[in-house]
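Before any questions on how it binds or moves, here is one chain, the form predicted on its own, in structure tokens.
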Amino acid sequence: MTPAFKDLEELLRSTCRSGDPNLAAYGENYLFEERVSGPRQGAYESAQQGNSADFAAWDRWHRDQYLPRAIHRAVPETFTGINAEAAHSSALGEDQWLVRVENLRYALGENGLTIDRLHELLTAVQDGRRDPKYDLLDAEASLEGVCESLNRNPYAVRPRFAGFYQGLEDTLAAPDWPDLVRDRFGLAHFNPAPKEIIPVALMRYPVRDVLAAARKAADAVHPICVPTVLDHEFTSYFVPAPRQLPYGRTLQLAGDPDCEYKIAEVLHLRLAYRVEHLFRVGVVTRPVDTLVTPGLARLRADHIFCLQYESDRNDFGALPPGWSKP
């Protein structure tokens, strides 16, 4: 996007020239975005005026005013007509599986469960066999409690990033699948400290469930979209995808210079989780070491190269002349 207002342009220029790779990434992402419509960009930038003194001011306005008003609501503007240019353009079968990673800390605490106990309950329900340790009805009730917690946690109102199950099947066969899935989805905030674990669930659900949720919301005309820079908090672990690609692409935290492990990513309207959506549970245990070596800037540069290759767009991800670090 090319900013329409001079103060935002100057802020973006200084942000892109920053020696802080995270700060530089925030500016780059705004400029690299190609799917935000003219009306949506115009409304965003007009409302943003007066909040460009520095990045901290812009970030506060984006988090505290724009997101609650436009995104963190029953039907985010992401899925309305103003975002038509980011609507997912490829045909998805209603039986096609979507997958998403959820942090279970809140749900486990609220339901008085450990991750090991939850794993046993989920296995019992999925196997459907009598188990002397568990009453299946009680086990299902516990899983329903976990889903209810996920549905009402403080982040549940946000649009949901998801990938496609067929792209993860091989990864899920590994014993350390939670760490690998975290890396492939680019979930850098799932970064445990030494001896810490982060309990996670892999949710799996068909496209039809997203479409059914959309039918209950009159304004949700595009329930599945390609993620844009305006749909979430500013993050350096997101890079907008070129308009030629039908999906977003996740930043592979383990490094992916050969362009082999990126997840095709979409953003969809919130749906209420049910027990049958709870597919796997486990724990993330490994820190994201690549943020130190080779570092965020290298990961992003390799990722942008892959986006250029996949879209046949050598010009994608190039800053205007004079905007990069001296």
Partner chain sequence: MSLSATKPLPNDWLERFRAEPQPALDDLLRGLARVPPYERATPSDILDRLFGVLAADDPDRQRLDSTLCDWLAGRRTCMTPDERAAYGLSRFVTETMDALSAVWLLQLPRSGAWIQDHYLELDQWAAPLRLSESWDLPRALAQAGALTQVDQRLQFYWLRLCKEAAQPSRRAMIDPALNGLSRLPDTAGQGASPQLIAGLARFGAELESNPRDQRDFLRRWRALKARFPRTGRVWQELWQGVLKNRQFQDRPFVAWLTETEAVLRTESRARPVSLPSKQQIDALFQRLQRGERESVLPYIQKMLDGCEHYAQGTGDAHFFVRSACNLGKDVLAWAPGHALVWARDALSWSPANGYAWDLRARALRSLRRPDLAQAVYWEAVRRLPTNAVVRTQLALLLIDQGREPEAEALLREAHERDPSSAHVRAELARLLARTGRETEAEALLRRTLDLCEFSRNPIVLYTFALLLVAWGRVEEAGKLRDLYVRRFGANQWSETLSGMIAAGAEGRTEALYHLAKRDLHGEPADHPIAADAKPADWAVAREEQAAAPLRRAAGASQADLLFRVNDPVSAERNLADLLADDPDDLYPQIVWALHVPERRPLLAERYREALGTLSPHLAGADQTTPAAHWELLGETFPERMGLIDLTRLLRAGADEAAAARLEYWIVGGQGDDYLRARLLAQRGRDGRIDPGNQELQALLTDAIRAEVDLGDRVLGEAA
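Computed from a prediction, not measured in an experiment: that's the story for all the values here. Positions refer to the first chain, counted from 1.
Not pictured, yet referred to below: the form predicted together with its partner chain.
> Considering only heavy atoms, tell me if R63 and its partner chain come within 4.5 Å of each other in the predicted complex.
The answer is yes: R63 has a heavy atom within 4.5 Å of its partner chain.
> Give a yes or no for R208: in the predicted complex, does one of its heavy atoms lie within 4.5 Å of a heavy atom belonging to its partner chain?
No.
> Check whether P257 has any heavy atom within 4.5 Å of a heavy atom of its partner chain in the predicted complex, and answer yes or no.
No, P257 sits far enough from its partner chain in the predicted complex that none of its heavy atoms falls within 4.5 Å.
> Hey, in the predicted complex, is A141 touching its partner chain, heavy atoms inside 4.5 Å?
The answer is yes: A141 has a heavy atom within 4.5 Å of its partner chain.
> Looking at Y237, W177, F164, Y247, which has any heavy atom no more than 4.5 Å from its partner chain in the predicted complex?
Selected residue: Y237.
> Only one of R300, R270, R40, R35 has a non-hydrogen atom within 4.5 angstroms of its partner chain in the predicted complex; which is it?
Only one option qualifies, and that one is R270.
> Is it the case that P68, N103 and L137 all touch its partner chain in the predicted complex, with a non-hydrogen atom of each within 4.5 angstroms?
Yes.
> I need the one stretch from 200-208, 116-124, 169-177, 213-221 whose residues put non-hydrogen atoms within 4.5 angstroms of its partner chain in the predicted complex.
Only one stretch qualifies here: 116-124.
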